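The chain below stands alone and is given in structure tokens; this is the form predicted alone.
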Amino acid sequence: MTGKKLKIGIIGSGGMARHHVDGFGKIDSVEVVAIASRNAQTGAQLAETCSAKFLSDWNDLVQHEGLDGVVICTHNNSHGEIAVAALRADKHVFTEYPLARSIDEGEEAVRLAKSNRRVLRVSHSEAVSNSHKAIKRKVGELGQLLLTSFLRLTAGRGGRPEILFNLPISGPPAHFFVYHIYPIIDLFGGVEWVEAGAVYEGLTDNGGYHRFVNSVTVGFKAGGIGQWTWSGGIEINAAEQHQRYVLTDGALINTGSGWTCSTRSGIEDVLPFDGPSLSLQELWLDEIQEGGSNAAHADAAIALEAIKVSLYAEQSMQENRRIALVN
């Protein structure tokens, strides 16, 4: 496809869809030719901004002839269904995280991408992050993992989309915060078991709620324990976030102002690698132009492992037991 503009379609017409219209509009090698949205007003408006065709049904966009790729910017509960349909239609796929709302859909999307030699990219920024690359190298110098811990506390003030705090649509907090799980899976590999708990205040019949606490603990296949805790909508003056990777030869610590490495010999800053970095959009397009990418397949597999943690965590909450992952 070198020298030829790639033609893509975007599904959705919310904030992320507008973000991608703007982003792809700055790249010479691609053209947005179609927008699909169930919201006819915002969808048609977005299509007009990029001189694209508007379609009211995403199925029509997926089957659109001459389309090279599909960008998915819908609610969490439709990512997997659309990705599978697009891959079956022989399209490349870029989807916002999480990869899917069910493990079966996620597994099928990853399988189809590999068997059809299509590029499946999930919007986890670590794939192009110079900071994450530096952390990954440092992890490799510090021995075996003992513990990863993550804590996020978020105040209740301010507006938020109604679909965010909604279990059927967005999944539990562990699922819509899967971008906190993904980098740890990338660093330390898959898990053997998952345990989780949750408290929801103001839970309604349709699955909406006002505040929450969600905790997840995992045992990694390669050894070590992982822990995540999220709490949102709580009475706290300012948001807090803390993250630590504890290994046999040192610890990596991030309290919000950057990463440091602590060992018996002292503390040092872990600085991002120097040099330019592609955007995820550019990376996806380059991989399509190159006819596929082993790196893309590997990254999609990591995104799948991340949703296995979040979705088996959901099962653990529902059944009040540890879930052993099937290898």
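It should be emphasised that the depicted structure is a prediction, and the values quoted were computed from it without experimental measurement. Residue indices: 1-based, along the sequence shown.
Keep in mind that the form predicted together with a small molecule is not shown, yet the notes after this line are about it.
A.B. asks: Exactly one residue in 75, 132, 180, 114 has a non-hydrogen atom within 4.5 Å of the small molecule in the model of the complex; which is it?
C.D. replies: None of the other options qualify; the answer is 75.
A.B. asks: Looking at 107, 195, 126, 96, which has any heavy atom no more than 4.5 Å from the small molecule in the model of the complex?
C.D. replies: By the 4.5 Å heavy-atom cutoff, the listed residue in contact is 96.
A.B. asks: Is there any non-hydrogen atom of residue 16 lying within 4.5 Å of the small molecule in the model of the complex?
C.D. replies: Residue 16: yes, in contact with the small molecule in the model of the complex.
A.B. asks: Do residue 26 and the small molecule come within 4.5 Å of each other in the model of the complex, heavy atoms counted?
C.D. replies: No, residue 26 stays farther than 4.5 Å from the small molecule in the model of the complex.
A.B. asks: Does any part of residue 39 reach within 4.5 Å of the small molecule in the model of the complex? Heavy atoms only, please.
C.D. replies: Contact check for residue 39: yes, within 4.5 Å of the small molecule in the model of the complex.
A.B. asks: Is residue 12 near the small molecule? Define near as a heavy atom within 4.5 Å, in the model of the complex.
C.D. replies: Result yes; residue 12 sits at the interface with the small molecule in the model of the complex.
A.B. asks: Counting any heavy atom within 4.5 Å as contact, can you tell me which stretch out of 76-84, 195-203, 252-260, 238-246 lines the small molecule in the model of the complex?
C.D. replies: Only one stretch qualifies here: 76-84.
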